[in-house]
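Have a look below at one chain only, the form predicted alone, in structure tokens format.
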Amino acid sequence: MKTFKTVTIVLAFGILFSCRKEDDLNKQPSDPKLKAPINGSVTDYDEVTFEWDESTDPENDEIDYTLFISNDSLNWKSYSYVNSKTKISNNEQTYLYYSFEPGKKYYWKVKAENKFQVNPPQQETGEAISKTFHFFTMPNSVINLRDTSGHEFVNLYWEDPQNLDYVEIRVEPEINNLTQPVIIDAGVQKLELTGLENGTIYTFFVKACNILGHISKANTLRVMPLDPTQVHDADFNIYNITQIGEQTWLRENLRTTKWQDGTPMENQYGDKYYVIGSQSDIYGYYYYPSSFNNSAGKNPCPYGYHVPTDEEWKELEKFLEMPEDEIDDYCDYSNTYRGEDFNVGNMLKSVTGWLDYNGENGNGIDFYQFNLLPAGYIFNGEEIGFGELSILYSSTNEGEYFYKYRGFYNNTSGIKYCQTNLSISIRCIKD
């Protein structure tokens, strides 16, 4: 009996000691509660913001969080020491990066742990981990969205992304008798609209809906229908056109601040490739040759047009009956005016705006409605030669920073053929 009592006392003491030991263990924090992205939601794939309610800890210990992301709920990528509101980017150059893809399903969860700098106490077993949520990234929008436009019409074209159900299109300003949004089924890949107002800028917002019912971000396209004798640049400045022989030219000098693709005409430091003069509303803008050197092949002209090459200038001059023996007379910094005897320069100069020279009329006859005004040029901020001369670029370089040009002056009916790196005018020609 004595032995039995001894064993009983030892067991009881062991049980009591064990209970006290468990009570003395450091407690785990509470499970994090996930907030965003909401379970089952659709979010942008360029950058995803993950947010959860912070855990609480019985001993008020500091808490570290680890975020887990997976595309299959089996293989997880972890991000340690993150905050309860953390942005994960799709840009691989960033520290917190994940390769999110459009139209995909992803899973996420968060684990909370006590943060101990030194001498960590014994921790109770288990993990403080959230539920697992899932979200979808937005699907791709339509591919290669483009347009053709003309007299009172706009046509949109695109390529369908994978898993497309339909395309949804809205337009501003509203078009009479057009019910919005316009729904285009997969496979059609176009929208044709007529009865639009020439000279009005219409903005189209094009979204794609996939077979899961998820909507993409909007592709935006601005379009301006015009009369067949007009075109516009990326700033939606309108230009008239004229036919001279086999060539089609703008009747005004270029005055855009954007490349044809809509990006600004400036370098990485924000320095502009153009200058706006005091009379640029009449004469157009002035462009540095660096705009050609550093543009990586970008085009400043309206869609379907480009800066003329030296050979295209020569083709125009030949049509205007520039003598063959003068066509290649290149300047040697002297006043070599080609085609004077045949009035070639005056065929393009405007009938007004040119100053007289020594009592002689400096105007041209503008036989082909080229409407060349005396825009002068700009050097170190100074406006030079207004009313006296006009210098037009070619896209053909002469050396690294100089480009061939055509010069027109109030004291001659000829054309000067030379090179420059000044801020001068651009007159565009059709492709």
Partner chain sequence: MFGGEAGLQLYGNYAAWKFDRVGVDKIMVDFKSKAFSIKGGVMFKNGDEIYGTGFRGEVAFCLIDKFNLDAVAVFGKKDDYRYFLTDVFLELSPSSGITVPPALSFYGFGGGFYRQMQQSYDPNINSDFGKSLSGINYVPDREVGMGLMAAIKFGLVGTSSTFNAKVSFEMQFNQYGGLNFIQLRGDAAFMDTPEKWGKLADNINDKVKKLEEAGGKLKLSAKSDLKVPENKSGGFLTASMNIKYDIANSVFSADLSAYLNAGFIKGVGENDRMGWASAYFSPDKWYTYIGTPSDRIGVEVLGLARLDGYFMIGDDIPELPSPPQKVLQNFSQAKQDQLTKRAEGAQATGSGLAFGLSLGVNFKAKLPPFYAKIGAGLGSEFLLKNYGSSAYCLGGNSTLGINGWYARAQAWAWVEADIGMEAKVFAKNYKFSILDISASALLAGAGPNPFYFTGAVGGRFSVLGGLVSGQCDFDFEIGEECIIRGGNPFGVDVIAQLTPDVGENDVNVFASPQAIFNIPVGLEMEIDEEGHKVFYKVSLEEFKVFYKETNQKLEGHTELDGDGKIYLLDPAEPFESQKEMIVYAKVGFKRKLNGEWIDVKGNDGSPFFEIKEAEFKSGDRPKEILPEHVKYSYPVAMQYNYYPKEYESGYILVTENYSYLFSTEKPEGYDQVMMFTDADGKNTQTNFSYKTNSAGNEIRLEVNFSTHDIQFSNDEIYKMAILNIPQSTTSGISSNITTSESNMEDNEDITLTTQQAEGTLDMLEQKEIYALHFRTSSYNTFTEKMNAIPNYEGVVWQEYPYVYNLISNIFDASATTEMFDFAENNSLYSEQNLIRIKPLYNNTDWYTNYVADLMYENDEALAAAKMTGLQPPDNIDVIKYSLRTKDNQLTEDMVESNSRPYVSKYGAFHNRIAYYIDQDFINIRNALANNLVNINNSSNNVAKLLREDHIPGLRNGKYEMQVYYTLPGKDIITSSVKRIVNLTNFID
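Predicted, not measured: the structure shown is a model, and the values here were computed from it. Residue numbers count along the first chain shown, from 1.
From this point on, the text means the form predicted in complex with the partner chain, which you will not see here.
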Among the candidate residues Asn71, Asn163, Asn198, Asn155, which is the single one with a non-hydrogen atom no more than 4.5 Å from the partner chain in the predicted complex?
-> Asn198
Looking at Val206, Val110, Met347, Leu254, which has any heavy atom no more than 4.5 Å from the partner chain in the predicted complex?
-> Met347
Give a yes or no for Pro228: in the predicted complex, does one of its heavy atoms lie within 4.5 Å of a heavy atom belonging to the partner chain?
-> yes
Determine whether any heavy atom of Phe386 comes within 4.5 Å of a heavy atom of the partner chain in the predicted complex, and answer yes or no.
-> no
Spell out, yes or no, whether the shortest heavy atom distance between Gln369 and the partner chain in the predicted complex is within 4.5 Å.
-> yes
Are any of the heavy atoms in Lys258 no more than 4.5 Å from a heavy atom of the partner chain in the predicted complex?
-> no
Quick one: which of 97 to 105, 240 to 248, 273 to 281, 209 to 217 gets within 4.5 Å of the partner chain in the predicted complex, going by heavy atoms?
-> 240 to 248
Among His151, Phe319 and Ile365, does every residue place a heavy atom within 4.5 Å of the partner chain in the predicted complex?
-> yes
Partner contacts in the predicted complex for 31 to 65 (non-hydrogen atom within 4.5 angstroms of the partner chain) | none
